[in-house]
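Just one chain follows, in the form predicted on its own, and it is written as structure tokens.
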Amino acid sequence: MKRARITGVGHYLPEQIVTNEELTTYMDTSSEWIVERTGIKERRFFKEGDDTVSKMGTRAAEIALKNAGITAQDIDLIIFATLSPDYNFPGCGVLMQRQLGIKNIPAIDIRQQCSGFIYGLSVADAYIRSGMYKNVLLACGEIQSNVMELSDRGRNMAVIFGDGAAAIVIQATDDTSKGILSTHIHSDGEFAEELMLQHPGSNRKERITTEMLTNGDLLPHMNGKLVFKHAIVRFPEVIHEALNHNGLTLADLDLLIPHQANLRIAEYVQNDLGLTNDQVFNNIHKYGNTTAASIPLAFSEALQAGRIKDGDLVCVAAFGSGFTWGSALIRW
């Protein structure tokens, strides 16, 4: 059986940096308040007319392809994870396919929000292990700044989220000493409405009304305390699941890259697992929560910073809307 190995990683970030201080001009907040609760100091906002989710994904993919030493024509499957696609339909996968100049291969779009990367990695791994595909391009991107309201009403979510994209190339290999060791994905729909964007949806005759605009019903909703409560349970649980499945322990782990949801969640999980600072990589202070893009973006920066070396054992883990959560264990 073939093993799936990540051979190229790349990321793209919009140029506009929005600091906490800038947000104070739109809402009653302070940089100290934001940092204390989230660990975020700045984030990126897209440039209209230049950045789209698919274009950002393409720019990240071009870097990943170059780093993998292959061309777009070598790719035989595209997977695109995002909660903020360019269009309601079609998905970003086919748009990126067109931008890369690839013909006729399949493109799959994944809507698993913060767990999108893990779910996408799981799909790519399964396809490669089955022998159906050999070279998979997984891209993740988000534009969220334009769905947040920069106001007192939208403050609790507006300070958290940012824009960006990242991509990885996953290839089949006969080398069983390296690659994706396993992936583990879960969901629990009981709490679906605790972190969601309800409107516009298909369950109402009128998808957008003046009343929705007035009441703020077109804004995302998050029960922050409940999300935190579940995240700090599911993160350690699914990390242990990945290690146990492979007969490994936390002592074997070289680096944990958690979904960059909130630095306080990451710190709680780190302390709960007894990991050192050298064993965990976070970059949320620079980019905020980029949802599906957060893990591959952090992975890309960790590689650039020399935090991932040949032979290292890396765990990636996510928790988010759905609720969905998952992990993957990778031997680099």
Ligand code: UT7
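Everything numeric here is computed off the predicted structure, so don't read it as measured data. One rule holds for the numbers: they count along the sequence shown, beginning at 1.
Heads up, the form predicted together with this ligand isn't pictured, but that's what we're talking about next.
In the predicted complex, Cys114 approaches this ligand with a heavy atom inside 4.5 Å. Residue contact with this ligand in the predicted complex: Asn282 places no heavy atom within 4.5 Å of it. This ligand in the predicted complex comes within 4.5 Å of a heavy atom belonging to Asn262. Among residues of the shown chain, Arg155 is one whose heavy atoms approach this ligand to within 4.5 Å in the predicted complex. Of the stretches 272 to 280, 300 to 308, 44 to 52, 24 to 32, only 24 to 32 has residues with a heavy atom within 4.5 Å of this ligand in the predicted complex.
Every residue of the trio Thr38, Leu195 and Gly224 has some heavy atom no more than 4.5 Å from this ligand in the predicted complex.
The single contact residue among Leu121, Val136, Val159, Cys92, judged by any heavy atom lying within 4.5 Å of this ligand in the predicted complex, is Val159. Applying a 4.5 Å heavy atom cutoff to this ligand in the predicted complex picks out Phe319, Gly320 from 318 to 332, in order along the sequence.
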